[in-house]
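As a starting point, one isolated chain is supplied in structure tokens, in the form predicted on its own.
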Amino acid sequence: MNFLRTASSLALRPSGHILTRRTALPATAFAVRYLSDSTKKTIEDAITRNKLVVFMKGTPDAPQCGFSRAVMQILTVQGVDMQNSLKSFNILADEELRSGIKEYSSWPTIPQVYVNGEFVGGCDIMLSMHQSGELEKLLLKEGLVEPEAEENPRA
């Protein structure tokens, strides 16, 4: 009888294995919507009203991550008028915008660059476009930089 009592009391106690087992649930069970209607409107207004928009960590004058700094350096080297042509958003100052912009673009990283309402990409894409010359062509086409004056040496 003692054996039955012990066996039945053990059966009622959860084992450590059961407590640590995780059940696979559909991904939608944990989907969280970060993009409120007001944040979506802020993003859409920004990218439709400005030719060049960067969602970044920090500000153009004081980037707070290396990737945001690199994008600002690329735009500076390209000749973008940072005071008049660039609209930037510091996502560190607004948690809803920080999460919402990732959902809006379906792009998981910051910074995010938009030109003429279109998502261009993040730091890696901007660097690749800069190196290939594609970024210069895009910025020229959109009127965000002036063509370089050709040197005409006189012989």
Partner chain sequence: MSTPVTSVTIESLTEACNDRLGATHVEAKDISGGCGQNFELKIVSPMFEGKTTLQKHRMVNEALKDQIALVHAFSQKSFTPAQWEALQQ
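Fair warning: this is a prediction, and the values are worked out from it, not measured in the lab. Residue numbers count along the first chain shown, from 1.
There is another form of this protein, the form predicted together with its partner chain, and it is not shown here; the text below is about that form.
- Looking at A46, you'd find every heavy atom of it more than 4.5 angstroms from its partner chain in the predicted bound form.
- Using a 4.5 angstroms threshold between heavy atoms, K57 counts as touching its partner chain in the predicted bound form.
- Contact check for S128: a heavy atom falls within 4.5 Å of its partner chain in the predicted bound form.
- Although the partner is absent here, P108 lies within 4.5 Å of its partner chain in the predicted bound form, judged by heavy atoms.
- Interface residue among L86, V120, A70, L35, judged by heavy atoms within 4.5 Å of its partner chain in the predicted bound form: V120.
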